[in-house]
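Presented as structure tokens, the chain that follows is alone, the form predicted alone.
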Amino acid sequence: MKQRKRTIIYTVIGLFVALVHIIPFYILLTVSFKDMRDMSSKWAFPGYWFTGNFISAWQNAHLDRAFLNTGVITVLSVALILIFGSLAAFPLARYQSKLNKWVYGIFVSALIVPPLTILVPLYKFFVDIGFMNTYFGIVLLHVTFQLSMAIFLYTSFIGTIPRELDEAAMIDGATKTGMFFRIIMPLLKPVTATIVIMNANSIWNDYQFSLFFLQKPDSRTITVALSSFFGENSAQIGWIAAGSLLAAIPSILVYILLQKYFVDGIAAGAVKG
């Protein structure tokens, strides 16, 4: 009886949390597909598919250029985070010398540093070295601030892989580099999917770095382009909803494609971390 009561409470809480997330998205859908002349309630889904809001948002917010900028920055940043994160985590997990423990402690400590605390000196430094409004500069920023979490998750996950696999590969004549790429890397799919989802979503939706370090109109990312678009077209609620929905689609697709690995990667990192 007690167990059943607890299950009902958990179910009610789960439904409440789900509704809190679903309702705003539902309203976003109804408004984005509704003609501006349609004065019906925003809760009522239109009985037609009006795509004019999406066309207007795409053209007026210059989303083609913003999508290209954001896509290039996100793909390059995530690829570098995966490469450097996995290569750094392998020796930290397998060879736990005093130096490696010290280095790992620095990476973990970096997780608690809020990026906003160093934003002003960082901005001045980027102006001085000419990294403003460049793909290289913004990618370097994202890799720097996201790499610590990737190393933490990779190190925790590699720690769950039996060392006997390493020994078997060495007996078969594999080098340490070959062992990493042929034995360890294929086993990292769950945590890699987790890192891709977390970082791709964070970088795709980044606003603070893009606002400060990408100030030219041609270098704007989606969040900055939409922010400017919202300010200029606050009365066109259908355009704003359509633009927001277009910006959310890539993140949703990435999560749908990789969700089966996401929970496994998070669970492994939590257990060993």
Partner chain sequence: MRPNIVVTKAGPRKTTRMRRLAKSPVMLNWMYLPALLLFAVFIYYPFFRGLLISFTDWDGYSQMFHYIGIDNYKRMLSDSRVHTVIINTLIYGLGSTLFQNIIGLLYALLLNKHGKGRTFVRVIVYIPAIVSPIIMGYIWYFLLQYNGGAINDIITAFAGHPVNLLGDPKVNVWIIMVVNTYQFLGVAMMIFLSGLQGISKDYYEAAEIDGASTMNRFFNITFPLLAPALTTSIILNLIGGLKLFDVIAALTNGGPGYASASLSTMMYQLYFARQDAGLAASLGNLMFLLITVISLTSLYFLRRKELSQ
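Nothing here was measured: the structure is a model prediction, and the numbers come from that model. Definition used throughout: the rigid core is the maximal C-alpha set that superposes within 1.5 Å between two forms. Numbering follows the first chain given and starts at 1.
We do not show the form predicted together with the partner chain, though everything after this point is about it.
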message: Considering non-hydrogen atoms and a 4.5 Å limit, which listed residue (161, 87, 183, 75) is close to the partner chain in the predicted complex?
response: 87
query: Within 4.5 Å of the partner chain in the predicted complex, heavy atoms considered, which of 50, 230, 67, 58?
result: 230
task: Report whether the minimum heavy atom distance between residue 114 and the partner chain in the predicted complex is within 4.5 Å.
output: yes
message: So, residue 82 and the partner chain: in the predicted complex, are they within 4.5 Å at any heavy atom pair?
response: no
query: Is residue 135 close enough to the partner chain in the predicted complex to count, meaning some heavy atom within 4.5 Å?
result: no
- prompt: Is there a non-hydrogen atom of residue 189 within 4.5 angstroms of a non-hydrogen atom of the partner chain in the predicted complex?
  reply: no
- prompt: Mind listing which residues of 119-133 have a heavy atom within 4.5 Å of the partner chain in the predicted complex?
  reply: 119, 120, 121, 122, 123, 124, 125, 126, 128, 131
message: After a rigid core superposition, would you say the CA of residue 30 moves by 2 angstroms or more between this form and the one not shown, or not?
response: yes
field: Rigid core fit then residue 42 CA moved by 2 Å or more between this form and the one not shown
entry: yes
Core-superposed C-alpha of residue 248 shifting 2 Å or more between this form and the one not shown: yes
